[in-house]
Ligand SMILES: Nc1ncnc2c1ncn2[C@@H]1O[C@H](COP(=O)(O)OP(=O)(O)O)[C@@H](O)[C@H]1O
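A single chain comes next, written as structure tokens; it is the form predicted alone.
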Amino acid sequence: MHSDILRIVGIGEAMVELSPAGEGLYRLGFAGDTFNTAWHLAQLLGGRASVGFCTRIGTDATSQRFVSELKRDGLDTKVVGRDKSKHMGLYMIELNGTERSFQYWRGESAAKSLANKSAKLEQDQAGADLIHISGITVAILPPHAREKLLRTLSTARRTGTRISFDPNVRPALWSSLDKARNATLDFVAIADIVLPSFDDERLLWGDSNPTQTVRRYRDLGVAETVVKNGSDPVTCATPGEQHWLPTPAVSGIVDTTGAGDAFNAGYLAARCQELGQTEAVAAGQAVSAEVLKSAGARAHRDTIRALGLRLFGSQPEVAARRDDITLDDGAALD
């Protein structure tokens, strides 16, 4: 997966995030599972990679603020599409101690149409070394768009792109768990790396332990599986070996939102740098720990950039980014 400058694309939904900032106060930010991963990847890898987030947003002031933040933080915005008739979805975090619950408003989310146009998807994926998607990416799409995404990812994989998939099960986004299972299997079939959370696997498949999860994905032909399990050990496997790696204790936990997405970023960044699986798990745990100590789904930018330097060493200069992004009204369907 290594080249001089890697091209990485995350695909999914970014939402407006309202996170607690005091009694009756909320902080506005942006988050979403694959977006969190792509953003952390961009900060960790810096000039080693061009990281883009393929999504659709509105043309309103909040959507423009999102684009401005992407540019500021070094992400490639050419794969962001715009829709004049829609806007970004919104969610609010409610905390009980360090544990969180969510309320969502995503009915008019422009991201639901991110896969409507096959030609645009193919253009956005062209030349990618790594593409990262999730079960939420899959769940928010209507069936016809889901099929287009599956086809374009299959084509990209045949031309050398590696596909990373976090099943990330959200039952509320599916009409039944059977449909979630079937869709998950479709995307697992074209994935090189699968990054599930054990709680999701237990819910969806009835797994009794992470080893059972690893065995099922290995039997399905997945080359690389990493099972996250909260504060319990991480179970990871390739066809030739399996490891159980303890999760270091984290002090000063503020908010568990986005910890798994951050782990994905650290793990994938390390694998992009050709580190072994055990080293990649340690990198994932380090990034996750920083998010656990932060409010909301993303850690502070400078903290993650400094962590990237500690993990991977000095970086080449970051290439200049284009300031334009794709603008279209989303009216035409393929």
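Just so we're clear, the structure is a prediction, and the values are computed from it rather than from any experiment. Residue numbers run from 1 along the displayed sequence.
The protein also exists as the form predicted together with the named molecule; that form is not presented, and the subsequent description refers to it.
- Judged against the named molecule in the predicted bound form with a 4.5 angstroms heavy atom cut-off, the residues 253, 285 and 288 are in contact without exception.
- Interface residue among 161, 152, 116, 229, judged by heavy atoms within 4.5 Å of the named molecule in the predicted bound form: 229.
- Checked against the named molecule in the predicted bound form, the residues 307, 292, 270, 70 give one hit for a heavy atom within 4.5 Å, which is 292.
- Heavy atoms of residue 80 never reach within 4.5 Å of the named molecule in the predicted bound form, leaving it off the interface.
- Shown alone here, residue 165 lies farther than 4.5 Å from the named molecule in the predicted bound form, counting heavy atoms only.
- The named molecule is not drawn, but in the predicted bound form it has no heavy atom within 4.5 Å of residue 107.
- The closest non-hydrogen atom of residue 191 lies beyond 4.5 Å of the named molecule in the predicted bound form.
- Residues placing heavy atoms within 4.5 Å of the named molecule in the predicted bound form fall in a single listed stretch, namely 254-262, out of 124-132, 213-221, 254-262, 107-115.
- Residue 197 is the only one in 191-216 with at least one heavy atom within 4.5 Å of the named molecule in the predicted bound form.
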